[in-house]
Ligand SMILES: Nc1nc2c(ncn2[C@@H]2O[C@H](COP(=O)(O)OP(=O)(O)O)[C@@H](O)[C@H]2O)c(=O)[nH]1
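The chain below stands alone and is given in structure tokens; this is the form predicted on its own.
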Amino acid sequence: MALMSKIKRCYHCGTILQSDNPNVAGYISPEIMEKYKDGLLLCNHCFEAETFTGSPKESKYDSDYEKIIAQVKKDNALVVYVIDLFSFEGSLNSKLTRQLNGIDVLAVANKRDLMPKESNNVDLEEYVAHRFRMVGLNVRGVVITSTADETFNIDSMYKMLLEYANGRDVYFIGAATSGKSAIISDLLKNFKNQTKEMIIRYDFEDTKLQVIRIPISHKRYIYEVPGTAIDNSLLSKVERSVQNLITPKKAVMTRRFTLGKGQFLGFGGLALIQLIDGHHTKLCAYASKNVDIYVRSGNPEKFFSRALEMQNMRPSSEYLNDISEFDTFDIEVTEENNRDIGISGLGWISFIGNKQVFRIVVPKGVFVYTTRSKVKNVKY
């Protein structure tokens, strides 16, 4: 399993923290580093010069969902979990998946149209099933869909839903950006309402959430649950104009690069990935065509700091103009097969694992992940 460790930075000036030499920038006493290892840290210089108050931003999760899942369990209903294929890891809510343990799940992987042309449905289905099993879900089936094409696999999804629901109610859940509502709209064309009931929106009991209830027979309903918020995606950290640039509108192209030790791959003025140890690595990068991806050598912090100041890389965000607004992670790759390293809401890279160590610089709070590759048989 790949090993990931977060590089601790001074929360004020952004310098990488170290406890070895008090005469070098970023020094912090080892006692403070250990005692407050999960908190916000300042280097000695900033601690002495600044008065600082604040607390780390925690992931939002509405506990009202727990009450809905409790009802799902009570009714022995089927859950249709809709995820975004392009930003898969970011749309898989860990707190929610833990509550779904023991519940029958039909996994619907949407936005097939955004995946690169090298990908195929069999590999994608295998990837989704593997990831769902890894988080402990009882996956009855997987279907790949695309709301850009309302006919794509909707008939297959309808048949699977009937088979796995087997007379039970169905709850659609998923991230707010997964396309859940569009899928339900296309799916309902297969149903004929033979009841006198109407589709209604109502406040779910003892919660602040509004649920849509759709009658599909006299005793069966489809429930559309509000989408879960994704606050660890790059999309939640930038302004609307940048969101539009980094959200792909069509299949992303495969862009090929080679990184030598010390070189880094930049994604506009939003993130960078540096090879800090290991052999030359051929990789493929996947992101919106509006994101400039480039290879540079030299000091990545100096380069990135200058780029943030100048706002001259495409795209750049007015909300991100200083290195102190970024987190740094190191990922040690121990596997030797096809691997991905991804940045939620932005894209990912694919490569062959060969004991590399990568350093990832992303805006604070953005989710970074490493998994087996979504796209197999890529020519590097």
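Every value quoted in this text rests on a predicted model; they were computed, and no experiment measured them. One rule holds for the numbers: they count along the sequence shown, beginning at 1.
Heads up, the form predicted together with the ligand isn't pictured, but that's what we're talking about next.
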Next item on the list: Please name which of the stretches 267-275, 180-188, 116-124, 159-167 has residues with heavy atoms lying within 4.5 Å of the ligand in the predicted complex.
Entry: 180-188
Next item on the list: With the ligand left out of view, choose which of 137, 107, 259, 175 has a non-hydrogen atom within 4.5 angstroms of it in the predicted complex.
Entry: 175
Notebook entry, point to check: Which listed residue (211, 148, 235, 252) meets the criterion of a heavy atom within 4.5 Å of the ligand in the predicted complex?
Noted result: 148
Check: in the predicted complex, does residue 89 have a heavy atom within 4.5 Å of the ligand?
Finding: no
